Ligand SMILES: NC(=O)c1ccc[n+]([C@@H]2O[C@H](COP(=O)([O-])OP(=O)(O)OC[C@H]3O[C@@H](n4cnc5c(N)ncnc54)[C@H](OP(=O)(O)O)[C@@H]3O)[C@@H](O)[C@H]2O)c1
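The chain below stands alone, shown as structure tokens; this is the form predicted alone.
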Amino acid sequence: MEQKLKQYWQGKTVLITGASSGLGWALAEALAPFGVHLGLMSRREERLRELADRLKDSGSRFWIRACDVRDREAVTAAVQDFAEAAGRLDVVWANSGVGYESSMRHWEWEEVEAMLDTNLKGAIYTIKAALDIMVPQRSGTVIGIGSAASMRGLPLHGIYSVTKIGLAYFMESMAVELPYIQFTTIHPGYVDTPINQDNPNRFWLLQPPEAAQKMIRAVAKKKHVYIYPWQMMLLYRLVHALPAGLYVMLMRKMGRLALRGAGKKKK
């Protein structure tokens, strides 16, 4: 597998959004040994420079842009600028995301709109800008970071679930339309990142470096959809297959436990 990883990733130009922490940071660290040209995007430029400095002896090159993925024009310009600087665009990793509770007991429009604008619209802005370059190239890889929360409409986190399943459906639609572009949707389970560290109910928890290795391997294998860890994949498939009536009944029975134990943030 190591040889396949090298064959796939060596020398590629890779743009990652949300690279200043969490999975984005771990992905940059995982890809740096392959001599890639990394485009790092985030709202926090100082963190991107810290990451680039940390990896400066890896053999990779780094391009940095402070950018909010909610700003469509800024995203389009950033993607185009990176492609021009790198000479082409091989891979885009739509990774930026935020998560909050959106139950009727805790509904904040600012948080709801932040999830819709970042997780769904921001990802679509990023992917569309990348495809404007990849389609004329007739090649490229688009990776969208979904979530295990997309398995069904989850109580307390309905908006988060909507953003992630919406991204997955968009990716699937594009994969049908553009067969010469690789589309890989990744649904992580719980990874120990800032977005979920206030949640006391994380299970099958992975550390970011392990998660990053799993993801770069899945992309190298050209998987259409990848869910990890394997326990979460089994749970995802099982829950997704439940009839709607049965799922609602089970979730209602579990609702009291969820309401007592739920935190404000969700991965």
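Quick note: we count residues from 1 along the sequence shown, nothing fancier. Worth saying up front: this structure is predicted, and the values here are computed from it rather than measured.
Below, we turn to the form predicted in complex with the ligand, even though it does not appear here.
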item: Contact label in the predicted bound form: K223 to the ligand, heavy atom within 4.5 Å; value: no
item: In the predicted bound form, A78 touching the ligand (heavy atom, 4.5 Å); value: no
item: Contact flag, Q10 vs the ligand in the predicted bound form, heavy atom cut 4.5 Å; value: no
item: Contact test in the predicted bound form: L23 vs the ligand, heavy atoms, 4.5 Å; value: yes
item: Heavy atom contact within 4.5 Å of the ligand in the predicted bound form, the stretch among 139 to 147, 105 to 113, 82 to 90, 175 to 183; value: 139 to 147
item: Contact residue in the predicted bound form, from V98, L154, L131, I165 (heavy atom within 4.5 Å of the ligand); value: V98
